[in-house]
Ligand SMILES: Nc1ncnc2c1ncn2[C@@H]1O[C@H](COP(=O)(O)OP(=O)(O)O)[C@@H](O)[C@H]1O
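To begin, one chain is listed below as structure tokens, in the form predicted alone.
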């Protein structure tokens, strides 16, 4: 059943003890070459629950990635603040937050194992320990046999699994995933999405995920935040009230298709507005 958190019957209050990430009155703006300011995000407030898989969807360029960067401390917001647990985010927090990007960001001269080890090298973890942890992370994503391969020897899906392993090896509580499957074909996206669900459900990570794929958003998420055209505001928050563990079979269920249709209707008008923005 579809639950709209903007209505009294759908709202699921988040208590201080339940929440992991607190975003309050976030504002992000960028300078243009002409010297003017473009407001990417305004009045964005949201509590993300501990262990939650939360997805941001919205028109291209509406500010979803800006929100991820603010949560991870990669940019300084123009207003508001972000808190992860008791920590106010004022810069990168690599001990708490790990990223997975769409472009894999793998070093071509390193093996899969070497790419996963990078995160631990930066933390000065001893070589023997980081090698063992990197191998365990590759095994978790099903790539134990590919440890010695270089990126050019891996398929797109395998490269993305290396990127996921690199994020997991840091043992951060929070993962930020920015369209990690965007460059992959639909079948590979589905397989990796199912694998990601299996991994993350067993590890209990708190996830913020950005995608343009509505089917993917419903399949993976506990909640989906539908964003407006720029400047990004929350248009609606939808609770995905579908039991876990999930399998691809649920995609033909009435509950699944109802939520997907609703998300499409929310975003259609906003996407049309975004197309007319400079």
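Residue numbers count along the first chain shown, from 1. Note that this is a predicted model, so its numbers are computed, not measured.
Just so it is clear, the following notes concern the form predicted together with the ligand, a form of the same protein that is not shown.
Engineer: Check residue 45 for me: does it contact the ligand in the predicted bound form (non-hydrogen atoms, 4.5 angstroms)?
Structural biologist: Heavy-atom contact with the ligand at 4.5 Å: absent for residue 45.
Engineer: Within a 4.5 Å heavy atom cut-off, is residue 60 in contact with the ligand in the predicted bound form?
Structural biologist: Residue 60 belongs to the contact set for the ligand.
Engineer: Does residue 65 reach the ligand in the predicted bound form if we count a contact as any heavy atom within 4.5 Å?
Structural biologist: Yes, residue 65 lies within 4.5 Å of the ligand in the predicted bound form.
Engineer: With heavy atoms only and a cut-off of 4.5 Å, decide whether residue 31 touches the ligand in the predicted bound form.
Structural biologist: Output for residue 31 is yes: heavy atoms within 4.5 Å of the ligand.
Engineer: Pick from 224, 220, 40, 70: which has a non-hydrogen atom within 4.5 Å of the ligand in the predicted bound form?
Structural biologist: None of the other options qualify; the answer is 40.
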